[in-house]
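Just one chain is shown here, as structure tokens, and it is the form predicted alone.
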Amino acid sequence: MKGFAMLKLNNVGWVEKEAPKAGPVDAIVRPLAISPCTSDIHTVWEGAIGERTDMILGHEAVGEVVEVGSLVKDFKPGDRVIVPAITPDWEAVESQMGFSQHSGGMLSGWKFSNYKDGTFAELFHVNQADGNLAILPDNIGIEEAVMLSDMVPTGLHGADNAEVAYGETVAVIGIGPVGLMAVAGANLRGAGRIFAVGSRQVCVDAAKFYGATDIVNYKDGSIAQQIKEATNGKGVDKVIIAGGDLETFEEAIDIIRPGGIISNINYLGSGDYFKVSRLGWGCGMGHIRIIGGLMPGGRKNMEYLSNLLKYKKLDVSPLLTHKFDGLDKIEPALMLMKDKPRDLIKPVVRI
């Protein structure tokens, strides 16, 4: 089979590989729709997880099952399935502790294009199919469904980890596709006022669609200063970081209220340390929590999140700004995520 791969750092291209085979509890899936992610950009062009050689990229897909192992109970060839970006090993101790994303070690639930070949191929392998696949409901299109692989669960995980409550004031820093889903998540959880930090008009319009009440353009000056002025110096109850860099944490600390939570879902692809303001953190005693979380994977999460689309509680269509047809269009779609044109939110490739 062929796949689009990271050949080495700063270099991508097509490779030919032997088709994967299913173990007793696994499945082989043919992609129906896939989407490149900024994480792929961090991996290839920032070396965020180190060198990889001829590793097929991609971790967002919906597909059709073509083969299942002898012990798989709930899926069969021909089933259309949602494939989460995170496919844990469910027997691992970390999974039993409630952190399946890290089954086997830090970030080890993230297997596609990290520890094994990803979804940008004619076929791909899914471990523990009964625990990691979900049937795609008939009334959800494949373009929308592929947002359930990563964008929706990551964004909503940011709101969940922030413990957003009714009426609270929330700031979402970074309103790419994940940040937009964080805005949607904060709104679904009942936030009252939502600051969305970004500059591209297409993202600003989408943020308002998802419930943002205030837009902060970081190009107009300090994020913290603008939000402090807008809140009469009080700041916000919760901050969700979905973009930016290591310095973004300093801004987040400066706007969080005592007892607040800073929830990071941004993939920090470069740098070594981030700073925490001593005074902003109340000299270490401000009851401010900082939590960073990788999205939860697995079947249950995909089934529950698909209900949001199935029953019209969430509309992801504003994310889908660029659509391509054909496996050969993976490269131009990936380059869009690298170059970030002003009219881009998220590209999708229909196979």
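Position 1 is the first residue in the sequence shown; the rest follow in order. What you are looking at is a predicted structure, and each value in this text was computed from that prediction instead of being measured.
Quick note: we don't show the form predicted in complex with a small molecule, though the next part is all about it.
- Stretch 260 to 268 is the answer when you ask which of 183 to 191, 122 to 130, 139 to 147, 260 to 268 has residues with heavy atoms within 4.5 Å of the small molecule in the model of the complex.
- The candidate spot formed by 73, 304 and 307 lies out of contact with the small molecule in the model of the complex, as no residue has a heavy atom within 4.5 Å of it.
- Although the partner is absent here, residue 84 lies well away from the small molecule in the model of the complex, with no heavy atom inside 4.5 Å.
- Heavy atoms of residue 318 never reach within 4.5 Å of the small molecule in the model of the complex, leaving it off the interface.
- The closest non-hydrogen atom of residue 198 lies within 4.5 Å of the small molecule in the model of the complex.
- Although the partner is absent from this view, residue 103 stays clear of the small molecule in the model of the complex, with no non-hydrogen atom inside 4.5 angstroms.
- Scanning 27, 62, 57, 37 against the small molecule in the model of the complex with a 4.5 Å heavy atom cut-off leaves one residue, 37.
- Contact with the small molecule in the model of the complex, judged by any heavy atom within 4.5 Å, is made by just one of 314, 68, 33, 294: 294.
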